[in-house]
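Quick heads-up: it's one chain on its own, the form predicted alone, in structure tokens.
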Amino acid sequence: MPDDHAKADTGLPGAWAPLGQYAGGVWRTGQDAPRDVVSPGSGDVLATLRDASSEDLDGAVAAARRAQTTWADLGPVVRGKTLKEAAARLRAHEDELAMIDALDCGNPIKGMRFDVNLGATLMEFFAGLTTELKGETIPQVGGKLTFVTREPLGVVARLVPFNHPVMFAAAKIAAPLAAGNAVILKPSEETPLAALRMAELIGDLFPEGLLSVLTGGADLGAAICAHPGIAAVGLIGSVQTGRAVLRGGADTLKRTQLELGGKNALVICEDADLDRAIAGAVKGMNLGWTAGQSCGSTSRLLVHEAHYERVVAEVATAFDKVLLGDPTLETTEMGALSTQGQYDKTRGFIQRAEAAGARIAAGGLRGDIPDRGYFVRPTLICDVDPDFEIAREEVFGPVLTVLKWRDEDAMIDIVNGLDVGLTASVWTRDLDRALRLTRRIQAGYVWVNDASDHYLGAPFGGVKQSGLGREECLEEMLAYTEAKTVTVVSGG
């Protein structure tokens, strides 16, 4: 650790403060200007960091290239055991990591404990898949043998967002490490603390330089995408950021894995179990987990006209009951939005929807909210036309838009009428209708009589502009490998 480093006095657990940049397997003071990390729940400064510069990135890439061969040569069993040990260390620090995230990203601490364990579970999942990096043999004649092997790409980067800092930090390094790659992780510049603490906890398990955690904003992200020493970039983020990643990696033909945004539809049919469907509509917004800041949130609610008024009334009642408050308290049901920008953006969407003639059935900008922090009440917007901005653009906040439908074909046109398609949810008692609608809906993941839940090993990702590739499954690990074909001729 550099001699000029001094820990800041913060409100983080145990007076913990970030050591700087974890670059090339050692802690360094970043070379960029100092930047405050602010708690969205209180406005307090949690820490001051110097972000990584392009020189810091160059050093991290060089160290990663040296470490990667050593790591790959350890073999799948050792890599798997190491990842399991990393997961165990995260679980052992569950409360600390959850508190860091509650302070840093504004999500309730109960949800952040879940995130710590989910990140550890995904690490364990990919640890168990290391021996599935299998090839194949191709039938040949005349004493020839042709076989295919899977080899790691080398150095890869993962760019993760602000809404699930520790979960994404842990989960998104797991698949490329399991496959034998070195990883450079860039957390959101708004919520970097959990990723840095994770590096302190698990960094020594790996060859020096194999894992780097570099903090910074758009300039660092662009440098990562353009860097010739990085073979692939995986992003969890917005459609706009996904486009920037593709552009940035174009000159080096970089592999990309993109899980992007969505304006996801939840459809309630006339024969649905309404009590379950209404509960599902509330659950699908992920209010208690991320204040609606989830790419998979079902933020468009399409209700058959026979049930429209009841659904609006009961969802509004449920929204009004949600307890906002300090994210660090066990009693809090929904925390703050994670950033000033997201807070302003969400409020702007609500204001414009009301100005366009939509009705605010719950929440809005006049509700009872804490005096400090980026808080917006769960908001239900109804009497909306399909061409309203609020019905077409992703808010990424606690805002649910309700539309009425009568004809199935017209409803499908609304569901599929956007250039994104990440998730969807269908509520019906009719199996034939359920299967028909899941075929017709253009989305990467469709629930029937459920919403929001992910299942280990089930591919997650979008269609159209909601992304490229699939996550949380074997395919994610294989995306960080290259197929090599070898033919051997006997008698040479």
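All residue numbers refer to positions in the sequence shown, first residue = 1. Just so you know, these numbers come straight off a predicted model, no measurement behind them.
FYI, the form predicted together with a small molecule isn't displayed, but the following is about it.
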### Task
Flag this candidate site as yes only if Phe319, Ile350 and Leu365 all have a heavy atom within 4.5 Å of the small molecule in the predicted complex; otherwise mark no.
no
## Note on the structure
the small molecule in the predicted complex has a heavy atom of only one listed residue within 4.5 Å, and of Ala313, Ala244, Leu274, Ile138 that residue is Ala244
### Summary
Interface check vs the small molecule in the predicted complex: of Ala169, Ala179, Leu422, Ile100, the one with a heavy atom inside 4.5 Å is Leu422
### Task
Could you tell me which of 84 to 92, 103 to 111, 322 to 330, 252 to 260 sits within 4.5 Å of the small molecule in the predicted complex, going by non-hydrogen atoms?
252 to 260
#### Entry: Glu124: touches the small molecule in the predicted complex, heavy atom cutoff 4.5 angstroms
no
### Query
So in the predicted complex, does any heavy atom of Ser238 sit within 4.5 Å of the small molecule?
yes
### Heavy atom of Phe396 within 4.5 Å of the small molecule in the predicted complex
yes
### Message
I'd like to know if Pro76 sits close to the small molecule in the predicted complex, meaning any non-hydrogen atom pair within 4.5 angstroms.
### Response
no
